[in-house]
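Let's start with one chain on its own, the form predicted on its own, as structure tokens.
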Amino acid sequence: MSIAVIYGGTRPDGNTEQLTEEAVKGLTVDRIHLNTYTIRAIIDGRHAEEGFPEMNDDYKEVIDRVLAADVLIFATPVYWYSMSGIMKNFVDRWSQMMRDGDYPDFKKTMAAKKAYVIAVGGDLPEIKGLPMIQQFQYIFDFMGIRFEGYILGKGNKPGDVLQDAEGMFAAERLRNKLAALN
């Protein structure tokens, strides 16, 4: 069972990355740091005769890595009560992939996956992060992806999440669950 972690944070070794690394410690995972790629915002071509324009960015390189995994972990800070902008750009481009002739089975391939979300926020994330979790649920439902669970950690300044006992415990439980899949 292969696992890909899709990091949507912009701060190296930030709270979200620290909590996620706790969840995958000792496991073989493909770490995809979206901030190290050029992923352009979608230009909606759903209703245009010519369709979606070619973007000439790194998106297909990233999506190929995602498609190769069985389990996806979406790791994002809670930014303004939602996922990070870079994560949203990544997900928005799925609309384009569903109409890309090079990826005729994109939605079917994604539907075979399991997904988790790990997010960290500093302003009552266990409550204010829930709309973002619901957003992911709707995204996964649309794609047919099995949403297996989420962790909402607490942290603001770098390293704060390491003091979040509940978040760290949840990461350990997830690590044990993922290890059992292998």
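Numbers for residues come from their place in the sequence shown, where the first is 1. If you're wondering where the values come from, they're calculated on a predicted model, not measured in any experiment.
The protein also exists as the form predicted in complex with another copy of the chain; that form is not presented, and the subsequent description refers to it.
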- Task: State the residue from 60, 33, 128, 114 whose non-hydrogen atoms include one within 4.5 Å of another copy of the chain in the model of the complex.
- Result: 128
- Query: Between the options 64, 54, 44, 70, which residue brings a heavy atom to within 4.5 Å of another copy of the chain in the model of the complex?
  - Reply: 44
- Any of the heavy atoms of residue 25 lying within 4.5 Å of another copy of the chain in the model of the complex? no
- Is there a heavy atom of residue 105 lying 4.5 Å or less from a heavy atom of another copy of the chain in the model of the complex? no
- Within a 4.5 Å heavy atom cut-off, is residue 37 in contact with another copy of the chain in the model of the complex? no
- Taking 4.5 angstroms as the cut-off for heavy atoms, does residue 89 touch another copy of the chain in the model of the complex? yes
- Message: If you apply a 4.5 angstroms heavy atom cut-off, which residues in 79-117 are near another copy of the chain in the model of the complex?
- Response: 79, 80, 81, 82, 83, 84, 85, 86, 88, 89, 91, 92, 94, 95, 98
